[in-house]
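Here we start with a single chain on its own, the form predicted on its own, put down as structure tokens.
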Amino acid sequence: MFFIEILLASLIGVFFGVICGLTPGIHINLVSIILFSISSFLLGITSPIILMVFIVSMSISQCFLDFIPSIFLGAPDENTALSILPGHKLLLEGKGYGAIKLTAIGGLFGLLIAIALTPFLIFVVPIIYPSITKIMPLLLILISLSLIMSEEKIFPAIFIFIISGILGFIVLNFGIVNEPLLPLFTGLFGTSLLTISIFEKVKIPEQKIVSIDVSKKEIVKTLIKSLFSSPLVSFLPGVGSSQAAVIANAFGKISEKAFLILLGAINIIVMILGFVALFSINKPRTGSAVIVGKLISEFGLIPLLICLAVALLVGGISFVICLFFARNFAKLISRINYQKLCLSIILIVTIICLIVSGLLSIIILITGTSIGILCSKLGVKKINLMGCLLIPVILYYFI
């Protein structure tokens, strides 16, 4: 009976994860907060373990589906913003489906890597955690310098990195809006791209339902990067998937196609290791793990093993569902007036920002959009917009 309850909770979690993943602007952290606010009611009809299974299932499935609105619609969140860089380029080449498939493949590999790493990290993290905390600010400074120095236009890159960092610092540290990352990332990476597409009258070509070839050697190289960068940030405050991707990219460049695999892998690894951090050092680093930690006060080995088993099951199901929706999005996207679609998405995410983050979020959204457009016009790589997170995190360690 208990197994059936777990299976049912997993499937329901997948259903809601798919809805959340396909809906622009809905982050798993927001959903986790809503769930916790009604947890007293939910615990009246089910157990903490079953509710935990639902949250894990929803989180994993959303990690797979999140990339679809990011790549096809230009509506990213914190974890998928960087996928816009190579993803939109492939979309304009008629390879949007292939781009999504690369992130899904990365997710599957990431799932296996995270589970394989767990026994090792359970024993090692409590020992090395204090040392990692001490070197993290220096590492982030070196990574920031690496990003800037890799540009041909160094001074414009510095300018973009700093102004996005100032915006990020203000938004994240002054508590002016709820869910500050929603308008911040939507503006910098989403509506800026959509606005440029409208004015440049971008047309989406007919999409090919084909896979994109990446050599086995490059896949292995990419997964090794995720293997080292993801655990590095998974146990520390203020850093997450986006910073892990920047760290991985800083230590040896990879192709744009491999970068999508990297993002898919890192998203899943960081999500799962959030539960490992809850178990090993009692410091959850993701919204989902925080809520699970509040539901289960003593998060022991059995709950952790259930989390890993559910993640493995849900990951396989979500991979198939992700490709199904990607295939259908690819068939529809070229038939739609892209300028009208861009306007519609801008309107939708603006309304979502208003509802979730309040009126002041529109100022953040407009400012982020302007900086994102300026980044494109200056010919600077959009990855420098990650200053919006890197600078606040670096200052967090020093202030």
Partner chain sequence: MNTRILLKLSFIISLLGLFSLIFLVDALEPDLKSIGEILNNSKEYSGKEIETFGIASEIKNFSSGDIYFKLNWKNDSIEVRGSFIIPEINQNSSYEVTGILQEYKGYTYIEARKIKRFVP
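Residue numbers count along the first chain shown, from 1. No experiment lies behind these values; they were computed from the predicted model shown.
Keep in mind that the form predicted in complex with the partner chain is not shown, yet the notes after this line are about it.
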In the predicted complex, Ser40 touching the partner chain (heavy atom, 4.5 Å): yes
Proximity of Ile49 to the partner chain in the predicted complex, heavy atoms at 4.5 Å: yes
The partner chain contact at Phe398 in the predicted complex, heavy atom, 4.5 Å: no
Contact label in the predicted complex: Val202 to the partner chain, heavy atom within 4.5 Å: no
Which of 150-158, 175-183, 192-200, 298-306 lines the interface with the partner chain in the predicted complex (heavy atom within 4.5 Å): 298-306
In the predicted complex, the residue from Lys283, Lys294, Lys221, Lys208 that sits within 4.5 Å of the partner chain by heavy atoms: Lys294
Of Ile128, Ile135, Ala116, Val320, the one that lies within 4.5 Å of the partner chain in the predicted complex (heavy atoms): Val320
Whether Val14, Phe279 and Val290 all lie within 4.5 angstroms of the partner chain in the predicted complex by heavy atom: no
In the predicted complex, residues of 182-208 near the partner chain [heavy atom within 4.5 Å]: none
